[in-house]
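Okay, here we've got a single chain as structure tokens, the form predicted alone, with questions on binding and movement later.
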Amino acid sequence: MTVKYESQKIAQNFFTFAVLLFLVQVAVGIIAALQFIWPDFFILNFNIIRSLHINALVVWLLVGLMGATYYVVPEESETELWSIPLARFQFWATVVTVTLVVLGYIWMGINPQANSTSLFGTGILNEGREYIEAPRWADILIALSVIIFLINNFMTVMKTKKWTGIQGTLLAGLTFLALMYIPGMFYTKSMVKDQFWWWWVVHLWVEGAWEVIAGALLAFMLMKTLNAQRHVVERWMYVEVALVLFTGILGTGHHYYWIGTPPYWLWIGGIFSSLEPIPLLVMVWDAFRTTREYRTVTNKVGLFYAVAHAIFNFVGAGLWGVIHTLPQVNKWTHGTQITTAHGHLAFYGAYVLLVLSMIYVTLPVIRGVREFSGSRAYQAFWWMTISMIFIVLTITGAGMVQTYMERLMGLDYVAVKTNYNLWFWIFRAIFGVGFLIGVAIFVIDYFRLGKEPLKIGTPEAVKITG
């Protein structure tokens, strides 16, 4: 089985870069975990390692979603991509920009004074704004990359004027994502106002635009792995996306509790944050309903990862989020390791598994593989998932201790970290290594999938049909 359109193969370029960044992100995450135990471990300080860990996560997921889009849009539009050379240019421009940013972070870690030079009124290597630390020149280049990406995909659709619900929702989510990058590119003199707009980037990306994209890609994968009827999966996709936007946009209010905004945000944030798990639960129900209704599975590994994405999206982003977003609870847990636990499980379930499932759905087709071994795919999943579950339980335990001893007993942060949470940090590092093993297995599987002969009678062989 091969791709219908030659231009879909450009997706593999983006997937490869995303996979390598995924490996880097997890590796520096292990270093960060070890620095909680030994602060002087490694040549770069914790603040630099943390920036690399978080920004690598955001970038590799974004690049992975770009790759998925370059596969889905030609398929849905039934035409070749508008400009393959433009897609290649955008890919290499993104690689160069991201590489320069990473090197800049490392150089700033080795030589802290390197960021003293100003460009566009901000640091030349780091803007210092949490989660969106990229310097202003990189912001501009990334924005240009996204604009080129959107133009290429919209022009592809305009060639045939064939619009489908899946590609329309996907491109709408990506456009929303691009627009939500703008609030992170300006400052205000008021710290409250600055934080107010900053959350438009951080929250409305992950609990707005990316969830819309996830809804579209989940519908596409259910259609491709189960031969589900388009009108059925699209109907439920619309329901999921509408609920995501209804709850997610006003759910931004749970970030406004304690930054100096008016008290009505306590009500808005509390009510709509409590509703945010509903669309995620609908996604889980939709995945299982479709799986029961359509039993002709064309890619077992792809379906396995897609359903796992729906489940852990609900558990991580939904349940682990709602337990501490009510203002009465958040008053005590805000900024503790409980927030960190939610972030880890939410990103893993909602977006890491989403990109990995798209890779397993599309990569065999891109490489023209009719049958491949699913052994490493399942091994990677269980190594990563079990390790992530224990990482999250460990960090949640640390957060509970932290909340009680810091917020209720009044002990200082360092005393709690070094004396009462030490074993939590040790276990987190151990489980982090387990997660890294899973990632390494996945990376090996990515580069070998379809490139090695299958043994006769291999029980875990996955046949690609349809």
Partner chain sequence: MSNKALRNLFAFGSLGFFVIFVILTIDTMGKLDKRAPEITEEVNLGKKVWHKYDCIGCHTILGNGSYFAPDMTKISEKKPKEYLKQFLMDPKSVNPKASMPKFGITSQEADHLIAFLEWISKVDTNGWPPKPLLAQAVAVTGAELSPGQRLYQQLNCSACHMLNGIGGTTGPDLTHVGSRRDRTWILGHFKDPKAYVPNSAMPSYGHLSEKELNELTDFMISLK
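The shown structure was predicted, so the numbers you read here are calculated from the model rather than taken from an experiment. Positions refer to the first chain, counted from 1.
Omitted here: the form predicted together with the partner chain. The next part is about that form.
Query raised in the report: Contact between Glu293 and the partner chain in the predicted bound form at 4.5 Å, heavy atoms?
Result: Judged by the heavy-atom cut-off of 4.5 Å, Glu293 is well away from the partner chain in the predicted bound form.
**Report entry** Exercise: Val202 in contact with the partner chain in the predicted bound form, heavy atom 4.5 Å
**Finding:** Output for Val202 is no: heavy atoms all beyond 4.5 Å of the partner chain.
Query raised in the report: Should Phe46 be counted as a contact of the partner chain in the predicted bound form, where contact means heavy atoms within 4.5 Å?
Result: Yes, Phe46 is a contact residue.
Query raised in the report: Would Arg129 count as touching the partner chain in the predicted bound form under a 4.5 Å heavy atom rule?
Result: Yes.
Requested in this report: Check each of Phe347, Tyr378, Trp320, Tyr256 and return the one that places a heavy atom within 4.5 angstroms of the partner chain in the predicted bound form.
Outcome: That would be Tyr256.
Query raised in the report: With the partner chain left out of view, which of Ala308, Ile366, Val392, Val241 would have a heavy atom within 4.5 Å of it in the predicted bound form?
Result: By the 4.5 Å criterion, the partner-contacting residue is Val241.
Report task. Sort through 58-66, 435-443, 409-417, 22-30 and report the only stretch with a non-hydrogen atom within 4.5 Å of the partner chain in the predicted bound form. Result -> Every other range fails; the passing one is 409-417.
Query raised in the report: Looking in the predicted bound form, is the partner chain within 4.5 angstroms of a heavy atom from every one of Thr188, Phe196 and Tyr264?
Result: Looking in the predicted bound form, the three residues Thr188, Phe196 and Tyr264 all sit within 4.5 Å of the partner chain (heavy atoms).
Query raised in the report: Of 333-354, which residues get within 4.5 Å of the partner chain in the predicted bound form if you count heavy atoms?
Result: His334, Gly335, Thr336, Gln337, Thr339, Thr340 sit within 4.5 Å of the partner.
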